[in-house]
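One chain follows as structure tokens, the form predicted alone.
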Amino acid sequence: MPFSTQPSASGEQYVLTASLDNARHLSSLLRAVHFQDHATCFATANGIRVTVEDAKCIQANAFIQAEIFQEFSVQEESVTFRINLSVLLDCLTIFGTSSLPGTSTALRMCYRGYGYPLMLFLEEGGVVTVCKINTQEPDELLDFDFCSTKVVNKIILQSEGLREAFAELDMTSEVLQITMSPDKPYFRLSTFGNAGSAHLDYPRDSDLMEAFHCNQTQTNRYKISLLKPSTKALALSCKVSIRTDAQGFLSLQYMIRNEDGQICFVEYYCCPDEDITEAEL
């Protein structure tokens, strides 16, 4: 790793340093949550969480564990800053999005702390580029409080099952209706578009179903416009965990395996669109 042996420039002390042999591992994860320009980064000894929100009703989190990095150091209990995600992605792909076979862009990230820019040192084929990205005061983030004790229903599905659903259902519908039940139809996705209603059912013993833990029947609707950004993570993932709590809040947790076989997670939280009366079902 060309950067890991380099001393800090001019003896500067960084509160966060991280090195990656292949910057594409980071950029592909960040693209999966890139539906707003700005993101809040939260680093601890366990790794980095990058959070993006929109309209206080959807939140996406990309989790990059410390083990993914070749070098990872956080000098404080936690380090938080807000950053322009569009600019960060542009910098990470400054050598292009597709490398030549056998080549990759090495990355070293350094952050001195509050008020300082995030420094990126990128190297490919002996060429080094240095980027400085201004950081900002972090926003107050929504707390969806999705602890395991509050989860009412949870299923784990192979991602291809959900990819097929998004391809087959009518995306002219304003909402996606999700039914989870210990009894039939078990797991149903419904849309109400220009061509009429469409339903897709998954039995609990489906080959695509990896786990099924439903305690009560729940039917909730979610704005498709809010769920569409999560299809970026769905496209990269191999499994998806779908959870709901008693209020109908939805958690979609995507398990993503990178080119080196390492596992990362991207999670989307979404508020239900409306209460559904029995007459509507």
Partner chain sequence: MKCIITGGNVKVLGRAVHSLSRIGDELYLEPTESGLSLRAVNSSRSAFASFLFAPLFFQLYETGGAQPDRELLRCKVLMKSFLGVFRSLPSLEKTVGRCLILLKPRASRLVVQLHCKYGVTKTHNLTFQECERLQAIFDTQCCASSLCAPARVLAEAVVHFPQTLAEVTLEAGPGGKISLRNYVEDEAEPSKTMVTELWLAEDEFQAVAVVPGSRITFCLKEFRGLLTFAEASNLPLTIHYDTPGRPVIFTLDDAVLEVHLVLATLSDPESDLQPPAANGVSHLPGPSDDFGDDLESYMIAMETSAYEGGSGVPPSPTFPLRTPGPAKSDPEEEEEEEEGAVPGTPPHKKFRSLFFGSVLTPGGPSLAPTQEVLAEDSDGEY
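Just so we're clear, the structure is a prediction, and the values are computed from it rather than from any experiment. Numbering follows the first chain given and starts at 1.
The same protein also exists as the form predicted together with the partner chain; that form is not shown, yet it is the one meant from here on.
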query: Partner proximity in the predicted bound form: Tyr202 to the partner chain, non-hydrogen atom cutoff 4.5 Å; finding: yes
query: Interface membership of Glu137, the partner chain in the predicted bound form, 4.5 Å heavy atom rule; finding: no
query: Interface membership of Asn84, the partner chain in the predicted bound form, 4.5 Å heavy atom rule; finding: no
query: Touches the partner chain in the predicted bound form: Ser206 (any heavy atom, 4.5 Å); finding: yes
query: Single option in Glu210, Glu124, Glu160, Glu71 placed near the partner chain in the predicted bound form, where near means a heavy atom within 4.5 Å; finding: Glu160
query: In the predicted bound form, the one of Asp183, Glu168, Asp90, Asp143 near the partner chain [non-hydrogen atom within 4.5 angstroms]; finding: Glu168
query: Stretch from 103 to 111, 75 to 83, 193 to 201, 116 to 124 whose residues place a heavy atom within 4.5 Å of the partner chain in the predicted bound form; finding: 193 to 201
